[in-house]
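Okay, so here's just one chain, in structure tokens, the form predicted on its own.
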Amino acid sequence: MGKTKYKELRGSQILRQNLVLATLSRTPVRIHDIRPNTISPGLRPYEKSLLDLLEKICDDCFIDINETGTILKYKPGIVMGGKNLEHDCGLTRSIGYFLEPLILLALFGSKPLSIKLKGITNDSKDPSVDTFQSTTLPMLKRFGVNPDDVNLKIESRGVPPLGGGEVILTIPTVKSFSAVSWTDEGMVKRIRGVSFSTRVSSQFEHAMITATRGVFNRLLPDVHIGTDHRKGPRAGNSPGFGISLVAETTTDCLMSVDTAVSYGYAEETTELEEEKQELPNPEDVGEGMAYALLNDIGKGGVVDSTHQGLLFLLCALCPNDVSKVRVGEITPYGIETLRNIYDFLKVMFHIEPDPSNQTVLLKCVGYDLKNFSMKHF
């Protein structure tokens, strides 16, 4: 056996994506200078948790972290998948942080994946489990994944700081993706969504929905937002509320936004009462999300800004055929993703602004990733 040659990478900026691309392209990586000059240098707890998750779903991967956590060596193994797995995502990032890498890797696993993830289901930082249900997972259908085999079930909700949420993710394996030509965003025909509350009055949900409808009903009649009021063990360990909204277009494109509000770390009742005063009221939350969704729709494109990175990754992994997609203004994360894709897969996107509607057309010839480890059942 020769000495392993590691691809040298620097910093923690896009660590999650680096690990996914390293695994799919079978490229060993050495990531150095991980937050070297911060008060607590090195890998964060959620990044270590992601590495633990990779060890759970992969066979024969090698992970080595130096004492300060500022250097990580990662040699990918084979994605195995598996049934009835469990992973605690911790409380420093939500389950949404772990879902995107998990989905991409599991599709190219040896066996279908079924895993229970525990932690925070809704916060204001990462896409919520509702967004994955309504928008992210349906995207996979465009690339040839059977939607009947993909499922995300919310067993219980959990908001910061104490979480307590549980979801079960089921992902099939694929031999390869299908190239796409996805450039017609269509017109918005309806708005769907869900509001939730945990350990607080359901009045919060009704207030959010009323404010949201107040914005949308001036624009279109077909608006339906469901409620998901949780009590007892299915409400997790902290009080909070939130909303997830999805715009569906005439060409079946989906745009989503979401947020959650929770009560911080206050222990005493008196402190909790003070905290409550500082929380945004549910009417402002609902109205704010409605305008955030309209803002994203206004930018154009077949996906919202949050899903750009995933869209580019899916296109890059397609067969040696041309994929063509339309997005609104490319986000900084989208640009970083395009660089990363070229760095690992040598797939270059041709980018062409469309001045007629301020959108951007991207074309690429895929890397042609094939799943050779897939078992046939």
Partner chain sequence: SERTRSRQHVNLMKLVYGKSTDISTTSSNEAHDTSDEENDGGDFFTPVGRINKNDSEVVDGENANSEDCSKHFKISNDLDIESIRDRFVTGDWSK
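Since the model is a prediction, treat every value here as computed from it, not as a measurement. Residue numbers count along the first chain shown, from 1.
One more form of this protein should be noted, the form predicted together with the partner chain, which is absent from this view; the next part is about it.
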### Query
Does the trio Pro45, Ile57 and Tyr263 actually contact the partner chain in the predicted bound form, every residue with a heavy atom within 4.5 Å?
no
### Query
in the predicted bound form, which of the listed residues (Ile225, Met289, Val167, Leu137) lies with a heavy atom within 4.5 Å of the partner chain?
Met289
### Query
Which residue among Pro221, Pro233, Pro280, Pro147 has a heavy atom within 4.5 angstroms of the partner chain in the predicted bound form?
Pro221
### Message
Which is the contacting stretch out of 148-156, 126-134, 193-201, 102-110, given heavy atoms within 4.5 Å of the partner chain in the predicted bound form?
### Response
126-134
### Query
Does Ala207 make contact with the partner chain in the predicted bound form, using a 4.5 Å heavy atom cut-off?
no
### Message
My question is simply whether Glu352 lines the interface with the partner chain in the predicted bound form - judged by any non-hydrogen atom within 4.5 Å.
### Response
yes
### Query
Would Leu294 show up as a contact with the partner chain in the predicted bound form if we use heavy atoms at 4.5 Å?
yes
### Message
Quick check on Lys141: any heavy atom within 4.5 Å of the partner chain in the predicted bound form?
### Response
no
### Task
Would you mind checking 154-190 for residues with a heavy atom within 4.5 Å of the partner chain in the predicted bound form?
Glu185, Gly186, Met187, Val188, Lys189
